[in-house]
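Only one chain is shown below, in structure tokens, and it's the form predicted alone.
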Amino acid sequence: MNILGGRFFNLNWLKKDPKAKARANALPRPQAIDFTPLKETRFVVMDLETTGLNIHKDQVIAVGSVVIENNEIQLNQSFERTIYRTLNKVDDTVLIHGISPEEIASGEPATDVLAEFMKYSGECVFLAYHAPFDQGMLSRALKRDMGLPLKHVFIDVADIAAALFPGVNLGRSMQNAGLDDWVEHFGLNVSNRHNASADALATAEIMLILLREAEKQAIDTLAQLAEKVKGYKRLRVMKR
């Protein structure tokens, strides 16, 4: 066992796999939540397809992502990969994500996909809709498949939307609102939902609307946006 950054984790895999060690050394630094202007921030909007919804048990089987830079979706920087997994059983989640056992069996090794995804992401802030799930799954996958901690910051697009549009009536509470509710509210045309890349793109389109609204509200930096979200969360707790 070793100590890196004040945390313990097992590094024996580095001794056994020099290729993995090189990948670990190449991982990018996380973007700090500081006074970096939103327009200059690299946002990586991601969505994961998994074998189920249990963060402690299920596995990541697909990664979809697009980049927002300069307040624009950079479609030429999209990322989409399917991960090879050995499935013990096929359950109803196949009906949701639509990835067949044959596609998973012909996927790429998890180590390759995850290393490539983190390199692609670079110094960024991750965005996702209901981000704690994606953050938890990616963190577990990195630790399990590569022995690495996830240090990048995630901001939940659901929280940003609720913080910037607190008076919107979605027909349900903000906490229970799903991606489809905001897609419908903003009148977006989204196809192929529950595909990782399509869901990431839909989330990115919503984020562009939120960035425009943030600008109207004189929210110009990552720190200001994070504080806005924190304020919304504090208010939500007080209303319970």
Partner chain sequence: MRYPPSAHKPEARGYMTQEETGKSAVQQNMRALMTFLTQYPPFNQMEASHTALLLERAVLTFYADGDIILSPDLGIVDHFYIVKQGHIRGERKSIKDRALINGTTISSADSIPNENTEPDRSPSATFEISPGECFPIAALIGERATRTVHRASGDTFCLKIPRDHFVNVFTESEIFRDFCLRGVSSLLDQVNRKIQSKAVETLGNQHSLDQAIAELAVRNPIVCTPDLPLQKAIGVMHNKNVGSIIITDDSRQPKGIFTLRDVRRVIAEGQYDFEAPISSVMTPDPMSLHSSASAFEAALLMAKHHFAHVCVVDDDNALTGVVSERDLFSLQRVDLVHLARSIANAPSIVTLLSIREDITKLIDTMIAYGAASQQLNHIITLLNDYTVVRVIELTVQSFGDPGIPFTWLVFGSEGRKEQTLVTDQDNGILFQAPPGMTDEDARSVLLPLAKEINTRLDECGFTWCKGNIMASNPDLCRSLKEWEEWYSRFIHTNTPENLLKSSIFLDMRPIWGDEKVATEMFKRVVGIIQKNTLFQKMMAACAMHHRPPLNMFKGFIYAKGGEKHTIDLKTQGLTPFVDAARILSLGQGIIESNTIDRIHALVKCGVMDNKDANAWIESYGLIQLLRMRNHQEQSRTGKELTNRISPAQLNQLDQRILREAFRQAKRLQHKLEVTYTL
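Residue numbers count along the first chain shown, from 1. From a predicted model like this one, the values you see are computed outputs, not experimental measurements.
Although not depicted, the form predicted together with its partner chain is the subject of the following passage.
Asks: Residues in which of 133-141, 150-158, 166-174, 117-125 have heavy atoms within 4.5 Å of its partner chain in the predicted bound form?
Replies: The contacting stretch here is 117-125.
Asks: For the three residues 34, 162 and 227, which mark the spot I'm curious about, does each lie within 4.5 Å of its partner chain in the predicted bound form through at least one heavy atom?
Replies: The answer is no; none of 34, 162 and 227 reaches its partner chain.
Asks: Is residue 179 a contact residue for its partner chain in the predicted bound form, using a 4.5 Å heavy atom cut-off?
Replies: Contact with its partner chain, no.
Asks: Looking in the predicted bound form, any heavy atom of residue 106 within 4.5 Å of its partner chain?
Replies: Yes.
Asks: Would residue 57 count as a contact of its partner chain in the predicted bound form, using a 4.5 angstroms cut-off between non-hydrogen atoms?
Replies: Outside the cut-off, so no.
Asks: Residue-level contact is defined here as any heavy atom of the residue lying within 4.5 Å of its partner chain in the predicted bound form; does residue 83 satisfy this criterion?
Replies: Residue-level check for residue 83: no, no contact with its partner chain.
Asks: Given a 4.5 Å distance limit between heavy atoms, list every residue of 204-230 close to its partner chain in the predicted bound form, or none if there are none.
Replies: Those in contact are 205, 208, 209, 212, 216.
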